[in-house]
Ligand code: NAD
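This document starts with one chain, in the form predicted alone, laid out as structure tokens.
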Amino acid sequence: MKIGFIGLGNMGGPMARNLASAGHEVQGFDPAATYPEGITPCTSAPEAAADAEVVITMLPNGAILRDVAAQVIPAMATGSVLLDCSTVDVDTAREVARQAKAAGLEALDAPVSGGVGGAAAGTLTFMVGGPESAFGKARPLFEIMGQKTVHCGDAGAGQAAKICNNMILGVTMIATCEAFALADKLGLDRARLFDVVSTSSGSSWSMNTYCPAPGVGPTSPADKGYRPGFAAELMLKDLRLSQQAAESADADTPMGQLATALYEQFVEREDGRGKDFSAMLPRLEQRKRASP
């Protein structure tokens, strides 16, 4: 398959490389990145999209996606698929899909979970929104880039699934960090807390797989000085997207709102930028109970 890939950074680069290694013809564009081995460099996004059966985008935010979509949609062949793997707001995903359909194209929003490690290993999870016909065309590519793909529904459904998932993740990570900080002050050994919670009703991915306490449970960013596997500023981005969607849908998400406010303070007014989102634990360790 001939593939155009736009956005070859920390996530897009390994994804494109895996497609090329599997035998697909991949032409790519990124104004800043180093081109991975096997990718044919292009001088613009429209050049990368020209004659491609599938154009994949992996971009930082919705505004950039709208700009890139406006450039590539006119360059794409009728019937081809615009596959966006960025994490953006639901409204942008739906608007890009509308523009693509009007131009005789098909569009999928397919944000990912699994981070840079999953992108390199080809073990990402894709949450996909868009027509069944386009999903069928792209399925072989998902199988190369990831280990699990869920077709969530119509345009925007993939983004909806991603932001709902990451709202849960942000809330549960804060609760997990709070529990360890409380256990410290109560004199409870962290390893004992992990042994109890990881097999009890308080278990979660944040505790069992990505434990924020160094030296406890499987190896995680906490064991590497909180160097980011998933940066706190990216968690803040996703939480803000969840609250933007909640406002648009008139949904009550008080825990999501509070998690957003806490990560805003951590990233923008404290020292959280550039650290893993689980570094909320050392932050909480240093704090005393706030006055009511």
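Residue numbers here begin at 1 and follow the sequence given. Keep in mind the model is a prediction, meaning the values are calculated, not measured.
There is another form of the same protein, the form predicted in complex with ligand NAD; it is not shown, and what comes next is about it.
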TODO: Verify the flagged residues E47, S80 and A103 against ligand NAD in the predicted complex: is each one within 4.5 Å by a non-hydrogen atom?
DONE: no
- [ ] With heavy atoms only and a cut-off of 4.5 Å, decide whether M58 touches ligand NAD in the predicted complex.
- [x] yes
Task: 4.5 angstroms heavy atom contact with ligand NAD in the predicted complex for S86 - done: yes
Task: Proximity of L281 to ligand NAD in the predicted complex, heavy atoms at 4.5 Å - done: no
Open item on the list: Can you work out whether P214 and ligand NAD are in contact in the predicted complex, taking contact to mean some heavy atom pair no more than 4.5 Å apart?
Closed with: no
TODO: Pick the stretch from 263 to 271, 233 to 241, 250 to 258, 219 to 227 whose residues have a heavy atom within 4.5 Å of ligand NAD in the predicted complex.
DONE: 233 to 241
Task: Position in contact with ligand NAD when the complex is considered in the predicted complex, options A181, V112, A155, A138, heavy atoms within 4.5 Å - done: V112
TODO: Name the single residue among C164, V150, A175, V116 that comes within 4.5 Å of ligand NAD in the predicted complex, judging by heavy atoms.
DONE: V116
Task: Contact set, 11 to 45 vs ligand NAD in the predicted complex - heavy atom within 4.5 angstroms - done: M11, G12, F29, D30, P31, A32, A33
